[in-house]
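Given next, in structure tokens, is a single chain: the form predicted alone.
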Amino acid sequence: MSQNIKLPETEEGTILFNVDPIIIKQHYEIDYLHSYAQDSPFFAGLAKGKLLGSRCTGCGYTYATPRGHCMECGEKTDWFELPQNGRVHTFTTCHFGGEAFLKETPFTLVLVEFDGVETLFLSRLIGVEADNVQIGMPVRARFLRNSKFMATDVYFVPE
């Protein structure tokens, strides 16, 4: 009796990309819940069209990217609003990217420097061909109208 019991099968197969070792393509999808925890004000700021950095409560060191504690002296930091105007400190043109950027390749990433801020801010630069980007170029922050609460909600354009 148990010999006639079988799992149902389909005609669909698996694509074999390599034999030794065996490499196959397998779709995987998952919904992931993620907490921004102490960085939540940064992402809330993006949704309001604001860039927020961190300032050390001890030594006053300023960070363009969020830090809960100072990397210089270890004290806690407080939030402060960054200027929306800066300058290109350095840049790179990316010809490959993750799924979110595939339609935009090639794209330009810039490290933006702000007056009075001691670290740099990484973001995309749009509206200028890569050959025309220059160190020291004035840039201005722009924000997505409909926030996704992601770092890509902000980007820079030439000033």
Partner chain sequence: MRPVYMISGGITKFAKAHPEMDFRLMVKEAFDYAMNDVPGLSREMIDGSICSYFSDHFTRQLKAGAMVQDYLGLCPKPSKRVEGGGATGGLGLQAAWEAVASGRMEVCVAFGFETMSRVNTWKGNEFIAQASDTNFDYPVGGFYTGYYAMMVRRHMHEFGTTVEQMAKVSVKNHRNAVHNPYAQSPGKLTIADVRSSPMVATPLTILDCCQMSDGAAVAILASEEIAGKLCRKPVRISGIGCGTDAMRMADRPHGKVILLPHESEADYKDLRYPGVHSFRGGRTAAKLAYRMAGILHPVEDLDFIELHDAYTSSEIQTYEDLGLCRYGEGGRFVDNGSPFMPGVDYGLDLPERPAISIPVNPSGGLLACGHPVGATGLMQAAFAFWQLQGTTGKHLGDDTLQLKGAKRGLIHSHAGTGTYITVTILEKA
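Rigid core here is just the name for the largest C-alpha set that superposes within 1.5 Å across the two forms. Because the structure is a prediction, the values reported are computed rather than measured. Numbering follows the first chain given and starts at 1.
What follows is about the form predicted in complex with its partner chain, which we do not show.
Student: Could you spot which one of G60, G97, P41, G49 gets a heavy atom to within 4.5 Å of its partner chain in the predicted bound form?
Tutor: In short, G97.
Student: If we define contact as a non-hydrogen atom of the residue within 4.5 angstroms of the partner, is I135 a contact of its partner chain in the predicted bound form?
Tutor: Within the cut-off, so yes.
Student: Is there a non-hydrogen atom of V128 within 4.5 angstroms of a non-hydrogen atom of its partner chain in the predicted bound form?
Tutor: No - in the predicted bound form, heavy atoms of V128 and its partner chain never come within 4.5 Å of each other.
Student: State yes or no: in the predicted bound form, is some non-hydrogen atom of L16 no more than 4.5 angstroms from a non-hydrogen atom of its partner chain?
Tutor: Because no heavy atom of L16 falls inside 4.5 Å of its partner chain in the predicted bound form, the answer is no.
Student: So in the predicted bound form, does any heavy atom of R55 sit within 4.5 Å of its partner chain?
Tutor: The answer is no: R55 has no heavy atom within 4.5 Å of its partner chain.
Student: Can you name the residues of 55-90 that have a non-hydrogen atom within 4.5 angstroms of its partner chain in the predicted bound form?
Tutor: Contacts from 55-90: Y61, T65, P66, R67, M71, E72, H89, T90.
Student: When you overlay the rigid core, is the Cα of N18 off by 2 Å or more between this form and the one not shown?
Tutor: Indeed, N18 is displaced by 2 Å or more.
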